[in-house]
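Below you will find one chain, with nothing else, as C-alpha cells; this is the form predicted alone, and questions on how it binds or moves follow later.
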C-alpha cells in the first residue's frame, strides 16, 4: 500500500523540542532547558476574578467571535501603553495575536517567498526558526556587536531582519542603544522591515531599560516606519492566556490581519477581555517588581553555582535580564548535542546551541534557564550538568 506523504519541510525539523517534552516524564529531572516562567508568580485569584466578571458582564464579547485584528478596546490600550510624545500610536498600528508565536508565523506568511532571505540576529530564537521553516528561508546571520559588523550590508536584500534586542533568547544579550539606532538607520536606508521581538523587555534586573527600537523610530507624527514590534503577556502575566500583539505601520497591520483571517480567524475573546481588564486595573504592572526580584535572585544563584562547578569547562557572561545564561565549552571536543542526552541520564535537561544557530553548526554552546527552578534545584542541576560534561569529555579520550 502506498503511504501518503507529508510536506518536504517536515523532514527538516529538529527533534530537540520533542526531547524536551519527553524529558518531563523522567522522575526527578531538573529542567533547565525551556524558557518557562515560575507558576507561583501568576496572579491566579485575580485572573479568576477577572474571568468570572467579564463572562458575566459581557458574554457576547467574552464568548463570541472577535474582530480579526482584536477587540478595539484592547488595541487602544496597547497603543496607549506604547505611545510616547515622538511615537503617537493608534488602533490601526496594533494587531492582537494568539501569543507571540502567531505573530512570527504571520510575518513569514506576509513577507517570505519560498527560499527568501532573512537577516537574523544570531544565535536566534528556536521558535522563530520553527515558524519560518515551511518556507525554507536562507539565513544571513547577524552577530550584533562583532568587529566589522555592517548593518546596512546585513539588511540589504533581505525580506526582513529579525532581532531580540532585550536579553535575547538564547544568549541573554542586551543590544546597546547605539547598535539599535544603527539597525534602525540600516532599515531606513535599505527599505527592509526590522522585526523587534520583545518578550523579555520587562525582565530587567540591573539597570534602567534601554529605549525600544520602535521608540527610536518615532518622528512625532502617525507611525508608519519600518520597525515591526512584537510583544506578549506570556512573560508579564501568564503564558496560557496566549495574548500577544504587533505594533507596526498600518499597511503592515492590514496585511497581517489578512493572514490572520486564514490562521485562526480571531484570538480568544475571553482572553482578550481578561488582558484588557488586567491592564485597566494595573495588574500587569503591579506584579512586575515581584517577578523581577524572584528572577534576579535565581539568576544570581545559577551563576554562583556555575562559578563553583563549571568555571573550568564553560565560559559565560552574567545576563542583565531575561531568562537565560548562554555558555560555550572551552574544550572543542564537547558536542552539546551529545551532551543533551548524557545530561538527561544525569537528571538534568539543557538546550544545545545548534538549535538556535540558523546554520545549525554551533555544537559548543548551550542555553541554561534560571527562572523555573528555585535556588537549591539550580545548584543541584548545575552539579549534575558538571557531571554530564565530565562524562562526555572522558568518552572523548585524552585531549590533544
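Positions refer to the first chain, counted from 1. None of the values given here were measured: they were computed from a predicted structure.
Form predicted together with another copy of the chain: not shown, discussed below.
### Answer range among 275-283, 137-145, 80-88, 94-102 for contact with another copy of the chain, defined in the predicted complex as heavy atoms within 4.5 Å
Selected range: 94-102.
#### Entry: Complete contact of 5, 191 and 264 with another copy of the chain in the predicted complex (any heavy atom, 4.5 Å)
Judged in the predicted complex, 5, 191 and 264 all sit within 4.5 Å of another copy of the chain.
### Task
Taking 4.5 Å between heavy atoms as the contact cutoff, choose which of 240, 157, 72, 176 touches another copy of the chain in the predicted complex.
Of the listed residues, the single hit is 240.
### Query
Out of 372, 342, 334, 62, which one falls within 4.5 Å of another copy of the chain in the predicted complex, going by heavy atoms?
For this set of options, the contacting one is 62.
### Query
Any of the heavy atoms of residue 10 lying within 4.5 Å of another copy of the chain in the predicted complex?
Looking in the predicted complex, residue contacts with another copy of the chain include residue 10, since a heavy atom lies within 4.5 Å.
### Task
Would you please decide whether residue 219 lies within 4.5 angstroms of another copy of the chain in the predicted complex, comparing each non-hydrogen atom pair?
The answer is no: residue 219 has no heavy atom within 4.5 Å of another copy of the chain.
#### Entry: Exercise: residue 29 in contact with another copy of the chain in the predicted complex, heavy atom 4.5 Å
Residue-level check for residue 29: no, no contact with another copy of the chain.
### Query
Taking 4.5 angstroms as the cut-off for heavy atoms, does residue 231 touch another copy of the chain in the predicted complex?
Contact check for residue 231: no, nothing within 4.5 Å of another copy of the chain in the predicted complex.
### Task
Heavy atoms within 4.5 Å of another copy of the chain in the predicted complex is the criterion; list the residues of 285-319 that meet it.
Contacts from 285-319: none.
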